[in-house]
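One chain is shown next in structure tokens, namely the form predicted alone.
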């Protein structure tokens, strides 16, 4: 059927610079560029352009510019270009609109309305270049008190703990949703830096199990790739109940992305859609969840923390309380800006709440009930920089998951076409021609550089607050002030307005 939609991007080619090298043609998985031998010139089809910028970056003479298309419909505050384009696509296809990455609507970003405290005279600042600063974080159930025997040995039996050299983990990104090269890069960077990567719900390829000491292995509703060896390979087992990009629904990996290698890892037939159900069919109550938590602890000889991941929704605080009382050692909360490989656009853009509000509500509820030490909190969904992370820890997080920043560090340009299986940067694809473009040696180094840079910045911010350990900042909201927020927002966040 003929498309009535306008192209999203305009491609401008400076013919005086173009040397007909056809690099743009080879670099584009969407087949936007082609060579016209009769005219001896490069031509392009703008309608299929995803705006990933791969062609412009690799053009040796910088003859290409790719920018948003200036064409527009008649201005209308209600019927914006996005709504018109989406409606036309559905009229042509009769299907659900899929999209990748996270929510891109203009909801308030609360990190930008929170500012940090700074030391002045009475509590002097600390110079992180000359004095030790502690970012090391331990995740897991903590005792309310420690008892020591007369000979100095520890009487209190500690629950399993996971040591992180920085309070940053790589989010769940499953094999199949991302390429093998991307997963290997995350695993190598996490191992080198002393943090963790998350396998997502697609299992862990056998050749990457040597990185298991730095892996969070997921047990999701589809149970893809889950067996006893897999569970005991990881350092943490995470039960995925929900995720921020698509709360309340299951996952979908299209059959065209399920290659033989992914088939072996996920334990499903090659070429078949990997559809994970919306609910776990053995969890319909907190009691059911408790049974699974303890079954996983039994399966791993009580040597690994068990995490439960939920989407940020309006009753996340009550849900988190139940999860902790059910025996979980870690609660992971994923906000509405959390990214995904594929989700219905209607779900991604309209379901869930921001992580800032959910995190503050959960931390407050667990403290009020006196059970905050019984589980660590990992926040996820929308972290963009080191200051966002520092503010999250002040709101109550022990650590954070980052997904999109890790992808961007590897080369992603957030074109939101992850669901298509075509990724010109070799990240969210299983096409061997495209995926080999990502070099794990280079990508893992870029990831460790990112973690190193953010960790240095976090130390600078802690020093400016007069704090020498990240643990001293956790849940200390007196180090935060709100700017431009309404009273109800300040109340939920548990912070004072600036100047007070």
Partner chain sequence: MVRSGSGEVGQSLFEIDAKGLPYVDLNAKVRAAAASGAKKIILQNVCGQRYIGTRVYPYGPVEIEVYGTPGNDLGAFIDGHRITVYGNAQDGTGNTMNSGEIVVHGRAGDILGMSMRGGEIYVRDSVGYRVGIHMKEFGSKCPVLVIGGTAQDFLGEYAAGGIVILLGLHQDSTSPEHKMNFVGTGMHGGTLYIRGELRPQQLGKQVTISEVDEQDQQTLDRYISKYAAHFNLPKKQLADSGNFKKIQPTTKRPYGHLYTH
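Note that the structure is a prediction, hence the values are computed from the model and not measured. Positions refer to the first chain, counted from 1.
One more form of this protein, predicted together with the partner chain, exists but is not displayed; see below.
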Looking at 175-183, 73-81, 93-101, 316-324, which one sits within 4.5 Å of the partner chain in the model of the complex if you count heavy atoms only? 93-101
Does any heavy atom of residue 310 come within 4.5 Å of a heavy atom of the partner chain in the model of the complex? no
Interface membership of residue 224, the partner chain in the model of the complex, 4.5 Å heavy atom rule: yes
At 4.5 Å between heavy atoms, is residue 121 in contact with the partner chain in the model of the complex? no
Interface membership of residue 106, the partner chain in the model of the complex, 4.5 Å heavy atom rule: no
Just give me the single entry in 357, 235, 347, 296 that has a non-hydrogen atom within 4.5 angstroms of the partner chain in the model of the complex. 296
Within 4.5 Å of the partner chain in the model of the complex, which residues of 269-308 have a heavy atom? Give them in sequence order, or say none. 269, 270, 271, 272, 273, 275, 277, 278, 281, 282, 284, 290, 291, 292, 294, 295, 296, 298, 299, 301, 302, 303
